[in-house]
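Presented as structure tokens, the chain that follows is alone, the form predicted on its own.
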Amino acid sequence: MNISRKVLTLDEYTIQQVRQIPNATGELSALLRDIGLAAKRVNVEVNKAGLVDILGDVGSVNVQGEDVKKLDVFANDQFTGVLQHGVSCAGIASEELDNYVPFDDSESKKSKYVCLFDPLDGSANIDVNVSIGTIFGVYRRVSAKGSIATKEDFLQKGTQQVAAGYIVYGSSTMLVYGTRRGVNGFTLDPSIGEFSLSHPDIKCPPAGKMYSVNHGNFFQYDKKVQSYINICQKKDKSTGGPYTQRYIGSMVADVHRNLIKGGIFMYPGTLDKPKGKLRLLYECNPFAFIVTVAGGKATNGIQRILDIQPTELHQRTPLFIGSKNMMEELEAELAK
């Protein structure tokens, strides 16, 4: 009997990719499957969060000075635990933790990758049932295999990422990850409990009709950023404007929409916070990697996000990211 299979699961797809790469060990594929497992566990809790005592604040403040949500703690524990119990990760760094965590068992020390993640981005929206997500970046360690991972393994430029991705917990749950070979999206099929390939070879449209920015901070932004926002609001045949503003307040949801449909996401520095709010290692680098591979661009307003040399684990940066043509319009305005 011939069985026709048109849809690949995440496991099947990653195994297929390994077969196409000479000398591939499958370690990265195993790590991505581990991340998929943790995402499924978090998804279950996200979907029933309103029914159990998991909403709201723990009562503590994380290293970023933000109130820690109960679901944040759960998500952080799930991703840390799954990666630690696997054999493909030498250590992790999380937005929720003060310091990086090297795994010191014999198998983990043999691993060649480290993983950095924001376990639950947009967690301020948890209590009101708005889309939230997980963001992650994977790097090849620079310390010797067989030894314990060091801080230098985590303080690498975004260009050194071998893979990056995010999970959106929304009307459907979707895992998007990119390597230098391309970006692919997998939607969770609840009937079989597996991520299935739904968006192969994602390309960011070169132009779009949407811009995402917090207008409440308009007068806190640099004059050149204000000027570009004004351009977005004006009717102009040369740019296709006016653009439509879409700002959810959940970076995963905003950037995901713009990646699929075209658009630009902006989180500039302000007079009060000139370095911005977003974390370079846990949020900006992974998204910059994905969007760049898909054909878009990402900058801090001065240089490419991926070219920034991190100096600390919780470093912040302004971020402008999105469709190539819209990013070039922004860069032209910032260069004036």
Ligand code: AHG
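Please read all numbers here as calculations on a predicted model, not as lab measurements. For every residue, the number given is its place in the sequence shown, counted from 1.
In what follows, reference is made to the form predicted together with this ligand, a form of this protein that is not presented.
- Screening 26 to 34, 302 to 310, 276 to 284, 39 to 47 for residues having heavy atoms within 4.5 Å of this ligand in the predicted complex returns a single hit, 276 to 284.
- The putative spot formed by 76, 186 and 194 is not touched by this ligand in the predicted complex; no residue has a non-hydrogen atom within 4.5 angstroms of it.
- Remark: residue 166 does not count among the residues lining this ligand in the predicted complex, judged by a heavy atom distance of 4.5 Å or less.
- Mapping the unseen interface onto this chain, residue 214 counts among the residues with a heavy atom inside 4.5 Å of this ligand in the predicted complex.
- Proximity of residue 247 to this ligand in the predicted complex falls within the 4.5 Å heavy atom cutoff.
- Mapping the unseen interface onto this chain, residue 258 falls outside it, with no heavy atom inside 4.5 Å of this ligand in the predicted complex.
- With the partner omitted here, the residue from 262, 122, 178, 102 that has a non-hydrogen atom within 4.5 angstroms of this ligand in the predicted complex is 122.
- Scanning 89, 251, 149, 93 against this ligand in the predicted complex with a 4.5 Å heavy atom cut-off leaves one residue, 251.
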